[in-house]
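Consider the single chain below, provided in C-alpha cells and representing the form predicted alone.
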C-alpha cells in the first residue's frame, strides 16, 4: 500500500490478503510507514509490517516474495523509502489501483482503472471475477466497506456508481455490520483532535470568494500544540467545500521534510491537473495531493498565485 495509508489502502490490502490466505497462499502485508489509530481495528491489521519500524523484517519478506500486489498506488514513489527496493525486485508485480497516469512499465500485470470508486471496489471485482465470491467473509466485507466509504466520502463523491451500491448490498448479505465500521472510522478520535479541528477552522482557513476557492494552512506549531497524530488531519480538506459556492479546497500541512498538500473540488475543476502542474502531485479529477519543498509561506503564496491563474476555470 502507499505511505500513510488511508482506509482504502489498508482495507483493500487486508481484504485481498484475507482472500488469498483462504486459497492457501503465504501472505504478508507491508505498509511503507505507520498508519492512523482509527485503522487498527481492521481484521488482520495487527499483523501488518511497518517498513520504517521493522525494516529488516520487511526486506526479508520482500526478498522471498514470488508475487507483489501493489494496491492503491500506481507509481513507486508513493511508497516513500520502499520505492527503490520495489523497483529492484524481480518477482511478478501486479497493479490494482484507480489513480490516473500509472507507471505501467513498473508492473507485469494489472490496471489503474480510474472509473472505479476505490481500490477496495477493484479487489471486490477481482474476488468475484475469480469465481470465489463465497470466500468473502465478514472480516473481508468490513475491510472492503471501510475502503469504499473512505474513498467515496460515505457515497457522496461522483465516483459512487450503481455498482458500488450493488457491491455494498452483497456485503450486507454476507453479514457486514456497516454501522460498526462507521463508528470505528469516524467516532474513534481523542479530544485533542476535535479541539484541533475547531482551532484550524477558526484561525487557519482563508476563503477566496472571488476565485470560489478556500485554503487551510497548518503550521508545525499547531501539530505540536494539539498533539496531532497520524490520521488526525484525515478529511479536513473537505470542510471548506461545504461553503456555498466554493469549488476548490486546498490543505497544506507543514511537515518536517516537506509541505504536504491535499486538494478537493466540486464540479468540473480538475485538481489532478492542478496538483501536477503546481505541486508535484496528482490523483483523481476531484481529489488529489501534492508536495512542496518550499517554506509554508512560499507554498501558500504559490497556491494563491495558482488560483489566480485558474480564475476562469473556477468561475
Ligand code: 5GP
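Numbering follows the first chain given and starts at 1. Since this is a predicted model, take the numbers as computed values, not measurements.
Same protein, other form: the form predicted together with guanosine-5'-monophosphate (5GP), not shown, and the subject of what follows.
In the model of the complex, guanosine-5'-monophosphate (5GP) sits beyond 4.5 Å of every heavy atom of residue 118. A residue is said to contact a partner when one of its heavy atoms sits within 4.5 Å of a partner heavy atom; residue 304 fails this definition for guanosine-5'-monophosphate (5GP) in the model of the complex, lying far away. Contact between residue 193 and guanosine-5'-monophosphate (5GP) in the model of the complex is not found at the 4.5 Å heavy atom cutoff. By the criterion of a heavy atom within 4.5 Å, residue 287 is counted among the residues contacting guanosine-5'-monophosphate (5GP) in the model of the complex. Per the 4.5 Å heavy atom criterion, guanosine-5'-monophosphate (5GP) in the model of the complex is contacted by stretch 260-268, the sole one of 42-50, 260-268, 58-66, 29-37. Using a 4.5 Å cut-off on any heavy atom, the residues of 52-84 that reach guanosine-5'-monophosphate (5GP) in the model of the complex are, in sequence order, 74, 77, 78.
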